[in-house]
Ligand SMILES: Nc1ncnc2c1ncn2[C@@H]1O[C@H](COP(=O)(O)OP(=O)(O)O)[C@@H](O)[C@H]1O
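What follows is one chain in structure tokens, specifically the form predicted on its own.
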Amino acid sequence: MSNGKVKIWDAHTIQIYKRLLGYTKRFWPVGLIAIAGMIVDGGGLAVFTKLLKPMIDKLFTEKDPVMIFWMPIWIVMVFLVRGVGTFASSYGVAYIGRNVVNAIQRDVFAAYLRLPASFFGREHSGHQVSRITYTSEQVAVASTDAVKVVITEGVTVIGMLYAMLSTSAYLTMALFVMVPLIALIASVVSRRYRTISRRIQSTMGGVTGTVEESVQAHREIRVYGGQEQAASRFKDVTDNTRRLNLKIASTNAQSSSAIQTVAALALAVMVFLATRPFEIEKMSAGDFIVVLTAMGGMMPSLRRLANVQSNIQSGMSAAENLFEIIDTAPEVDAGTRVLDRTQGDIRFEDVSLKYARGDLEALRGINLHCAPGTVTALVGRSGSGKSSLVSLLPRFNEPTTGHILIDGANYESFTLASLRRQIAWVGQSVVLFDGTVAENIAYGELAGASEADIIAAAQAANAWEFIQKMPGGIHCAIGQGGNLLSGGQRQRLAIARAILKNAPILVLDEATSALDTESERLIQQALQGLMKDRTTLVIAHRLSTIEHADQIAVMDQGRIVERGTHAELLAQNGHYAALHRMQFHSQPGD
């Protein structure tokens, strides 16, 4: 940027384009064939135009028999060769373009997999999806389609210019009227394209996000009568996208009209020059037709070259957006030690956490020791910092101050992968994937588990009873997000996954919240067995589920305000006792 205006081909833009073209390097043999096809395609029309002079002068004026015989054959040969060139260039460009899009999509997706958790909290998921589905497609246009237009139409313009100059340099002077004006038009519209293209990419993310939200929340929309509100919101974002696309169309139309006007002016100048007495006497009909046809054939090419700026600028904006994500620093992993299997000794020492999005501290001065093989329950009101505390364990967030020790060592000294292998996690919001029961239980690094181990984990999680009734059993597909299962069934599959992992540290974030009373009782029994000899952190809303915990930490406003066993905390008659009374008085049947 400079003085509020977009520089079309500044050093930064050139660097982006070079990087973009770098994706095409490994396809250079196809690229060479495609470029040869473009040259043949563009040059074929110029060759045909040059053939017009002998065709007109010798066929119609001199009635040359040789020319009469060969001219039809030459014309067919020219266009046959041009047809081969057109196919080679079109297919070659499509081949390279599809591979470029595929490679960039993979790079962006790979970036998503390594970016820190804070990134996904800052940006709407619709923008993240839109980069893969929409923005990456714009890049192919700039890296391949635009190159095809530039080379093919450029060769056509050069060929036509040669045809004009070799026929009549005098009449070619008419181009001096046209070229500077077309260059000015191209420069003006390019700035407008670049600005609008950036805004379109942003609005496409809004469209994707709005659709995504409405699909996921279809039950709430119907129950609360939000159809009109959802429709209105979608109308707003699509109207904005429509307006921006119409601006692109308007710019294209204005550019084409302006170029046609300039072309008409140039043709008028050429006719004026050709009809001067000193020129009309010596000019043949063939000469005039060649120059006239060459200039007429040059016009569409010049118009396409001017309009290709639209594709290039939208592609540049798209590439800039994608490369920014690809270049974003991944989550910090400075650890060098590999943690084989922890004893499960966890110690939080004066830990504080402040999220980047604000000054509010989520955690303040947390000191907590979780001895190996013990169960630590975290209780407190919503927003007290329970989830923030457990999110530090797998290093989804880093402590702002203080240290977390595992087996007496700073856990930041361990590699992320080896640290996370020590942790099994069951959250309140169950995450399942579009696949089979077995693929969801034996997910990721667990994929090599045997069927016997998968079934054993399902039995331990009280999931086998419903699984064996499904067609195909553990090989039955469960739909996107497990939408073919009930909430309790999804939760039990997530618990089975944690059981199969057999990690020494277990985090249960409201892990039984989606279960009915009977299932909860059976799952609690399964979890009791799972917790044995493991260090477990439990975030619990129902206090009845954590009465036998080795220690209970009561949190409030990011601090631990009480700590002890169930009996000790009731005897203190403090925060925990108040929560206990409130819950059991309001839910006497719990």
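Since this is a predicted model, take the numbers as computed values, not measurements. From 1 onward, residues are counted along the sequence shown.
The form predicted together with this ligand is left out here; the points below concern that form.
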{"item": "Partner proximity in the model of the complex: residue 208 to this ligand, non-hydrogen atom cutoff 4.5 Å", "value": "no"}
{"item": "Partner contact for residue 92 in the model of the complex: this ligand, 4.5 angstroms, heavy atom", "value": "no"}
{"item": "Residue 362: touches this ligand in the model of the complex, heavy atom cutoff 4.5 angstroms", "value": "yes"}
{"item": "Distance check, residue 384 to this ligand in the model of the complex, heavy atom within 4.5 Å", "value": "yes"}
{"item": "Heavy atom contact within 4.5 Å of this ligand in the model of the complex, the stretch among 242-250, 316-324, 384-392, 123-131", "value": "384-392"}
{"item": "Answer option from 79, 443, 109, 355, heavy atom within 4.5 Å of this ligand in the model of the complex", "value": "355"}
